[in-house]
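As a starting point, one isolated chain is supplied in structure tokens, in the form predicted on its own.
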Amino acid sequence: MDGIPLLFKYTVPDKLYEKFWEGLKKGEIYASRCKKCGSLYFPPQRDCNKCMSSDMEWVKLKEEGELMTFSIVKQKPQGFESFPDYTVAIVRNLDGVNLMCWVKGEPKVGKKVKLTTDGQRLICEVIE
């Protein structure tokens, strides 16, 4: 039985997250940090959930991490139907932030990875 095709279109507020999007284009990954309590957020947020402050700053995340878990995607979501099978993973970087990224290389839990981007998505390259 075929499912009903869905189309969901939204606009991301460019100015609010401009630093994040510009960072992705340069291969850099940014999070937001609360200046009041130090909580770190990825994806970036404009308000702190812990202390309710709106005094946030941008922080460039470290590029090394460890692969925590992964999944091979064979049944792709809408918009990704034309992609070949791909692997996504959760990586904990050296800042202690968990990031979901696409995997390059042979994934294995516990392996070291280098975090980068392809201009639009987070990429983790298995290095060890």
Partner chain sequence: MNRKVAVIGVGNSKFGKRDDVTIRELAWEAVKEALEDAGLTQKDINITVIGSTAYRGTEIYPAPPVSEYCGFVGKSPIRVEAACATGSSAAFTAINLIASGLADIVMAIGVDKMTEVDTATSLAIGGRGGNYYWEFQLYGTTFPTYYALYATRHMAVFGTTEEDMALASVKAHKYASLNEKAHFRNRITVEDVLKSRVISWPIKLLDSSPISDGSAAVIFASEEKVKELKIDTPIWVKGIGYSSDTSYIAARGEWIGLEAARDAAVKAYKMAKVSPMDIEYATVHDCFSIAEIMAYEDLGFVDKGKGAELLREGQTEKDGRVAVNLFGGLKAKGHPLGATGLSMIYEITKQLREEAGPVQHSFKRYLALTHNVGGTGHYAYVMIFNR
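Numbering follows the first chain given and starts at 1. All figures in this text were calculated on a predicted structure; none of them were measured in a lab.
There is another form of the same protein, the form predicted in complex with the partner chain; it is not shown, and what comes next is about it.
Residue contact check for residue 26: none of its heavy atoms lie within 4.5 Å of the partner chain in the model of the complex. Contact annotation for residue 71: at least one heavy atom lies within 4.5 Å of the partner chain in the model of the complex. The closest heavy atom approach of residue 54 to the partner chain in the model of the complex falls outside 4.5 Å. A residue is said to contact a partner when one of its heavy atoms sits within 4.5 Å of a partner heavy atom; residue 49 fails this definition for the partner chain in the model of the complex, lying far away. Annotation for 100-122: interface residues with the partner chain in the model of the complex are 100, 101, 102, 109, 120, 121, 122 [heavy atom within 4.5 Å].
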